Structure formats: structure tokens, C-alpha cells
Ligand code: HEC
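Take a look at this single chain, the form predicted on its own, given in C-alpha cells.
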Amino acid sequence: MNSERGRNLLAAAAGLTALVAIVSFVAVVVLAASGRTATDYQGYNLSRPWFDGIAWDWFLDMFNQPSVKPQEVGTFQAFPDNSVPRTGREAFIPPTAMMDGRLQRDVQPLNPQPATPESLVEGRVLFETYCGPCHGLNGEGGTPVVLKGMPAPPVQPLLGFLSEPHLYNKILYGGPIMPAYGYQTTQAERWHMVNYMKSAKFGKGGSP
């Protein structure tokens, strides 16, 4: 009987402690809000900063940067002005789009990256990172991934027949089985890989 009474007392004490904590929290919030005035910035009195005692401009700007805030009018289709990047992105080329009697992906875009030694070095690292596990570091296939049943043809014999835009778009969009690497790589990185694959150094080891 005494043990049951003790448990009840402990439960009551725990509940009372939780209630006191909640009331204290609400009281602190109310007191903090009581200093706000009609001239507050975003609801906070700049003469009494609520964060660390200093009205850091960068802090306020980060809060009030162009964006869609909760309950603000605006959608993901119609952002407020200057709230999204305006530099554009690569235009999507449909896989069946034709250009001058050829697949557009075989002729566009053109390679803007010179095949410098630095580009070849970067391209080799990227190729071995993204392409090597399936196609082999030398482009001749036969990797453990292939031996496990994943069809990844050797690319070495095909490179002389494939255009630079074709290789670029294959990296960007992938294929029926090959995953797309457009999200993992930048435009420049894809052209570095193309330069490396098209170079005489491809798959021969050593530094390009």
C-alpha cells in the first residue's frame, strides 16, 4: 500500500515539474515579446535584440533575404523577384531530336574546353571515379561489376566512332541502363572526361 502511494506521489511530482517547466517557458516567451513595438523589424525590436545582444546586419539580412517565407504569397512556379538564380541552365535535348539528319545529341553541344594537360589530368580522375567501376580504368570493361551481371560494354573500341557531344550527353543523360551523372558532375567536369577519353593518353596509365 505504501509503495503504491509512493509511486503516485512520484508521478504527481513529475507532472508538477513538467507543468512548472512549461509555464516558465511560456512566461519567458511572453516577457520577451512584451518589448516589441510597432517599429520592430520582422517583429523584433532592434533596440533590444533577442539573439545575442547585437543587431548584426548580416543576421537580419539572412533572415530577410529574397525567398518565399511561410504563409507568404508565392509559389514554386512564381517566385518573388531575384529569389532564384538567373544564369540559366543547359537546355534539355530529347533523345530522339534530329539536327541536319543526325541525332542532336551527336552534334550538340560543342566542346568549349581545350584539351590542356590540366584538363586531361582532371578528366582521368573523373573518368576513373564515375566510369571506371563499370567500364574499366582502361575502358576495356571486364570489371567486377560486369562479372556480377551488369552489362557495361567496353568503350575503348568505340571512342574513335563517337563524337565529343555524344560522349558528353551520355555522361549527362545516361542510357537505358547506365545512370545519368548530370547531377554529380558539372559541365566543365564532363568536358574534362570527354577530353581524356578522346586523348591518346586514355587508359594507358601514368600521368596524362
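Remember, it's a predicted structure, so these values are computed and weren't measured experimentally. Just count from 1 along the sequence shown to find any residue number.
Quick note: we don't show the form predicted in complex with this ligand, though the next part is all about it.
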This ligand in the predicted complex: contacted by all of 151, 158 and 177, heavy atom 4.5 Å: yes
Does any part of residue 134 reach within 4.5 Å of this ligand in the predicted complex? Heavy atoms only, please.
yes
Within 102-128, the residues having any heavy atom within 4.5 Å of this ligand in the predicted complex are 127
